[in-house]
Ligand code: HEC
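Okay, here we've got a single chain as structure tokens, the form predicted on its own, with questions on binding and movement later.
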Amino acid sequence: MSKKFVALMLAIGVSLLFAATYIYAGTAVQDTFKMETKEYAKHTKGLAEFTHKKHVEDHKIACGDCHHDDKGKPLALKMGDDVQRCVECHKETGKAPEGEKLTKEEKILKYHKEAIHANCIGCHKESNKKAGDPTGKKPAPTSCADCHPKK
């Protein structure tokens, strides 16, 4: 074999290795992460922390329960699939301004904070209702302070 051929094959092999690494890195899902959204100029509360493992394994929540298409239909995802961040579609940061004449659904579609809170708090409240803990202790957090630590 010629030196040129060997060099070409080596270059192709290294390129494929880099491409595979890039593809895998783009779809890797962190288990626990802070809900940091760089589009916000300033976060007014401490950042909520989320854990996929706790939600998927402990609570048996499917990926599509949180990740949905533009019509709100759950996506058939599995761990490692590439997904868009919420703010890619719910583009307006913050909550809907007081007095803005939108339905609840329109606010959720338009405003990132409305979407996140409706999804998380709505699910947590439903989970607490199903749990029916007679002590009154709620297993899923529903107050601001439960999710947003003081800075």
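Position 1 is the first residue in the sequence shown; the rest follow in order. As the structure is a prediction and not an experimental result, all values here were calculated from the model.
Same protein, other form: the form predicted together with heme C, not shown, and the subject of what follows.
- Heme C is not drawn, but in the predicted complex it has a heavy atom within 4.5 Å of Lys42.
- Contact check for Glu98: no non-hydrogen atom falls within 4.5 Å of heme C in the predicted complex.
- In the predicted complex, none of the heavy atoms of Leu102 sits within 4.5 Å of a heavy atom of heme C.
- For the partner-free chain shown, Leu77, Lys78, Met79, Asp81, Val83, Gln84, Arg85, Cys86, Val87, Cys89, His90 of 76-96 come within 4.5 angstroms of heme C in the predicted complex, judged by any non-hydrogen atom.
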